[in-house]
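One chain comes next, on its own, written out as structure tokens in the form predicted alone.
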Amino acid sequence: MTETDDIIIDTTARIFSELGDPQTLNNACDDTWQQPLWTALADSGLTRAWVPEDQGGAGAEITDGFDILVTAGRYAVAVPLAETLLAGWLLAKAGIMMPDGPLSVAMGNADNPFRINSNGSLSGTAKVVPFAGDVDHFTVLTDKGVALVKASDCNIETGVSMAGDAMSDVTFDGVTPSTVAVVPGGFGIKDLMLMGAAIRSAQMAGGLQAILDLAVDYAKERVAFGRPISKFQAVQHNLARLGGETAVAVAAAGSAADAIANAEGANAQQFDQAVFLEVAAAKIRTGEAVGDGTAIAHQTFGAIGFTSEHVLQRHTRRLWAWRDDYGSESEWAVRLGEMIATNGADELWPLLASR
């Protein structure tokens, strides 16, 4: 870890600890905390980490952005930071200047991509777009390239995620984008899905670190039968398992981030099979870790961890939501299996050994 990495992580942690502390926000009676937090993130350049300086961004390394996401995951972030980073990264690929304000990415799919009509308008509906009701612009990958669309021009259905954050269907029919530009090199929806899955893996890794700290601290304080529950062997065993799952998730997410950084450093417009392997493995393994890890954390806290007043549920509900975003672990397992089967058995070991 470099000095720059330390500065970025420390800056992100400081902003969230001062303006986005999970327990403080969990007790808040309204959402007035969102604007000061977003302003601090934007002023520090964290929201533009993946945008080159000549496009109005911070010009940070890919790994720096993932460090931001892991740290944000520890604070159960409830603002579209990850979505804005992803949107900025996609706009940078197309050479489009990133606008001010929060953004989100509206995803189509490989079989039914968003289309630009002959009159320049869009056709298509994006399902469950994160923070759709809270952003100023959408970045959309279409059959003609990347489009930047004003959120106010779209039809946004009101909806929320499992975590209680805005997540809605967005209809773009008849909407004319502000800008459209082609990404060179055949960049497509599969590449965008890979980046989204890596982002959620990083957030889940950070979130697991947070619930591990919460569970360990609580086990030291909670007394039963005259001694802290951390002294009971069964509790120690469970916390050790949670620690193991967290460590594996951090390692998997970090390996995926490094693979993407290496691909980006080579100026590749499309991700290769090595990146696919790393990201698929990270999304599968972090998702599995979330399933086991959140169960252990809630078992440690008992019923109190599920109450709206308790901060644990603020973390675990977001972890459960992130687990399904950009493909669940079962979906990525199928895709990974299909790739390996297509390549043939003789190609599996060389691919694994190259990592």
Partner chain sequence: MTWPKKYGGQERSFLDRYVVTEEFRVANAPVRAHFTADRQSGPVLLKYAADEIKKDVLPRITRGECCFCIGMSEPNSGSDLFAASTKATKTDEGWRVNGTKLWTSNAHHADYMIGLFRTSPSTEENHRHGLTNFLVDITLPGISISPVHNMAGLHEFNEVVFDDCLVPNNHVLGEINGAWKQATSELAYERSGPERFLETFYILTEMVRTLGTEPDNRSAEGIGRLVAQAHTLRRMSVSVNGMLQAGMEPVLEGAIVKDMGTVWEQALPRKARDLTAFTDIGNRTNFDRLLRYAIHIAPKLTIQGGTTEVLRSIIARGLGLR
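Numbering follows the first chain given and starts at 1. All of these numbers come straight from a predicted model, not from anything done at the bench.
There is another form of the same protein, the form predicted in complex with its partner chain; it is not shown, and what comes next is about it.
Contact annotation for the candidate site: 8, 128 and 159 all lie away from its partner chain in the model of the complex (no heavy atom within 4.5 Å).
Contact with its partner chain, judged by heavy atoms within 4.5 Å in the model of the complex, is confined among 174 to 182, 84 to 92, 149 to 157, 213 to 221 to 213 to 221.
Its partner chain in the model of the complex is not approached by residue 121, whose heavy atoms all lie more than 4.5 angstroms from it.
Proximity of residue 330 to its partner chain in the model of the complex: non-hydrogen atoms within 4.5 Å are present.
Of the heavy atoms in residue 134, none are within 4.5 Å of its partner chain in the model of the complex.
Within 4.5 Å of some heavy atom of its partner chain in the model of the complex lies at least one heavy atom of residue 285. Note on contacts: among 193, 252, 170, 263, the single residue with a heavy atom within 4.5 Å of its partner chain in the model of the complex is 252.
Although its partner chain is not shown here, in the model of the complex the stretch 319 to 339 places heavy atoms of 329, 330, 333, 334, 336, 337, 338 within 4.5 Å of it, in sequence order.
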